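Only one chain is shown below, in structure tokens, and it's the form predicted alone.
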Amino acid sequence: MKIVCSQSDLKTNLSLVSRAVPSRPTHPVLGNVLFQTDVETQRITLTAFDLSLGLQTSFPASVSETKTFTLPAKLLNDIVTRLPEGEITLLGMEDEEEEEENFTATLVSASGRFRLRGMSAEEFPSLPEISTTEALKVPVEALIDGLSSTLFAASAEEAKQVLTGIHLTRKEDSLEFAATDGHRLAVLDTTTEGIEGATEGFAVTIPARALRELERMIKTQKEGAVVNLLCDEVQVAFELDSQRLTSRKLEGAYPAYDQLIPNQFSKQVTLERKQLLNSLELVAVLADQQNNVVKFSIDDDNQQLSLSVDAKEVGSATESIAAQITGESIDIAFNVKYLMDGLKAFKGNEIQMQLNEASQPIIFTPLGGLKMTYLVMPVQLRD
């Protein structure tokens, strides 16, 4: 068997699927990447699967025969990444001494030769097939907007399993993305043209880990590309041209987050996003030294917002920003990291803060652009 391809193609595609290779595989073959060559199409398909997340991609190459084999993912990736750009040749043969259970590959480049031993492809598990043909078609732009606006707010605690995912809901003419870790909530309602399929009310919770890989996968796609989302009782799959991602769904009821967002507000603050973010980053230097808490003093009389941090054994900091304020003055405190995460996800420069009491959540929304809502629970101020 002989395969000839470019170093950049192999490096890019191998790097993409290798993210689904487990660091501690439950079975040795899961530490490998599955190669499938097709002499008719002159393409190579690469697959990695950790029994939960599966990644598959294909690319053109000169292929001498149709063949299926596996090679150690980390070792191969480390070698290919360090090879010079140019043509790579992969020569392969079964190891007759091992009764054809193993496969030996020789990687030849301009700078040298590397010999690797793989494993039988028969042991490699197949990616799940989704038992439905009805796909939700989502433009790449809508997916990128939805994921970049919500992924940061998903929980990292495995104990809160359903909160470690992003909840997608099909609305009448849009797709809604939501993520919460119990302390904050990010919601984006995308009305991008081109979303088709799935009935209104369709909802699924997908692990954030899988969606981070999807985000990496689609960022290089051309404008106007469309991703097909297929879903059954257990699995979801995202398909785009020569790429496929599969993942288990997260079980359990997602919180009714709409009920967390107040209908009315007694106070409203409008200000520049970048200015607020810069001020938060400054005072966060001290906030990091103690408890990550920053106090907002909203001053209606002077039309300004003051940010303050008091790290008793280190020092204190205060920053003031001009703002348009309606409603009575109030002091309210937050985890500074939560605020910065949300502001970095916003696009545009003007934002609006809406709130009621110091013990109730505050809502951040960008003015113009994406229809995004970011809710943050306050921290109790101690006298």
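Each residue number is its position in the shown sequence, starting from 1. Because the structure is a prediction, the values reported are computed rather than measured.
Not on display, but discussed next: the form predicted together with another copy of the chain.
- By the 4.5 Å heavy atom rule, the three marked residues V293, I298 and A333 all fail to count as contacting another copy of the chain in the model of the complex.
- Of the candidate stretches 308-316, 238-246, 137-145, 181-189, only 308-316 has residues with heavy atoms within 4.5 Å of another copy of the chain in the model of the complex.
- This chain is displayed alone, yet in the model of the complex one of Q264, Q259, S111, T199 has a heavy atom within 4.5 Å of another copy of the chain; that residue is S111.
- Here is the short version: of K171, R216, K274, R117, the single residue with a heavy atom within 4.5 Å of another copy of the chain in the model of the complex is R117.
- Among residues of the shown chain, R212 is not one whose heavy atoms approach another copy of the chain to within 4.5 Å in the model of the complex.
- Taking the partner from elsewhere, Q324 is found to have every heavy atom lying beyond 4.5 Å of another copy of the chain in the model of the complex.
- Among heavy atoms of I206, none comes within 4.5 Å of another copy of the chain in the model of the complex.
- In the model of the complex, no heavy atom of K160 sits within 4.5 Å of another copy of the chain.
- In the model of the complex, L75, D78, I79, R82, L83 are the residues of 54-88 with at least one heavy atom within 4.5 Å of another copy of the chain, listed from first to last.
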